[in-house]
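Coming up is one lone chain in structure tokens, specifically the form predicted alone.
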């Protein structure tokens, strides 16, 4: 019965070809450094899952944001675990992404024909940093408030477009409820959509072009 269902689906979706292309492809001899990409993907998925769970109770308003975070951490069953995973997972994502890019650069895996794979990886790093910056304000405590004040002020020092960037980031001249709403919307809608699209392109390029083997020392 299951074989017939599998054949029926394969005739319409060619899922066996996809399975073989993704999971049965030949991989050159590699080492543990090559697992950094998979580790980064795993942590990114964990961030998405824990982030969705947090949005069920988080309230993105100045009057209730901090109280909702306290409620999640102290009263919600396993809320401390979910928030802890999300909090430390954010740092782990940045660290793993940087290490992954350093490995690619060190082994020369960014060269032809993998330039596009490298470019999407660099853009992914920028998106990950954007996640960290926008998410830092969401607890709406003193530390996050003043850190965002300093961060947006630094962005506002850019030549010619600094004041425009500052107003766009804050939604005005000062940090306000508009800033919190803007950061929350960017954190849960714009950046996740961008991240998902870039990961899809990045994985497609990895599967289509393949990965490099560990460079051999000249004898």
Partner chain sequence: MNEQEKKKYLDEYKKEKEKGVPFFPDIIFKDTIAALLIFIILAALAYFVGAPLEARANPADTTYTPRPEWYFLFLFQALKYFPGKLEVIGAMVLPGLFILLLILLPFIDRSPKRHFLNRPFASISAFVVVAGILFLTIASVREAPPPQEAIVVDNAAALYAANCANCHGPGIDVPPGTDLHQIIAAGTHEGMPAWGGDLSTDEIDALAGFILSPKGSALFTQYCSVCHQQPVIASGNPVELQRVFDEGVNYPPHKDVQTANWNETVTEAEINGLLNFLAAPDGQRLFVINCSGCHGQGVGYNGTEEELTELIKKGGQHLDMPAWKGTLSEKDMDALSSYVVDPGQNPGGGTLFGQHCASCHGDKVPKAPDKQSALKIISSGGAHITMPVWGDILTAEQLDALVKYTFEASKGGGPAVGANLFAENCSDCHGKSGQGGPNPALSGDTIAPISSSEYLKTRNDATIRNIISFGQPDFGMSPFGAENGGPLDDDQLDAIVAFIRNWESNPPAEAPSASADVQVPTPTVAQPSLTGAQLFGIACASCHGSSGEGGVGPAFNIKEFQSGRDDQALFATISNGHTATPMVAWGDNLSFSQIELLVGFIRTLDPDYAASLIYSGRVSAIFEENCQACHNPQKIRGGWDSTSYQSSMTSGDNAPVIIPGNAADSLLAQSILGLGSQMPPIGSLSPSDIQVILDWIAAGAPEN
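Numbering follows the first chain given and starts at 1. No experiment lies behind these values; they were computed from the predicted model shown.
The form predicted in complex with its partner chain is left out here; the points below concern that form.
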query	finding
Single option in 168, 181, 190, 158 placed near its partner chain in the predicted bound form, where near means a heavy atom within 4.5 Å	158
Residue 185: touches its partner chain in the predicted bound form, heavy atom cutoff 4.5 angstroms	no
Close approach of residue 177 to its partner chain in the predicted bound form, 4.5 Å, heavy atom	no
Contact test in the predicted bound form: residue 16 vs its partner chain, heavy atoms, 4.5 Å	no
Touches its partner chain in the predicted bound form: residue 6 (any heavy atom, 4.5 Å)	no
Residues from 35-55 in contact with its partner chain (non-hydrogen atom within 4.5 Å) in the predicted bound form	35, 38, 39, 42, 43, 46
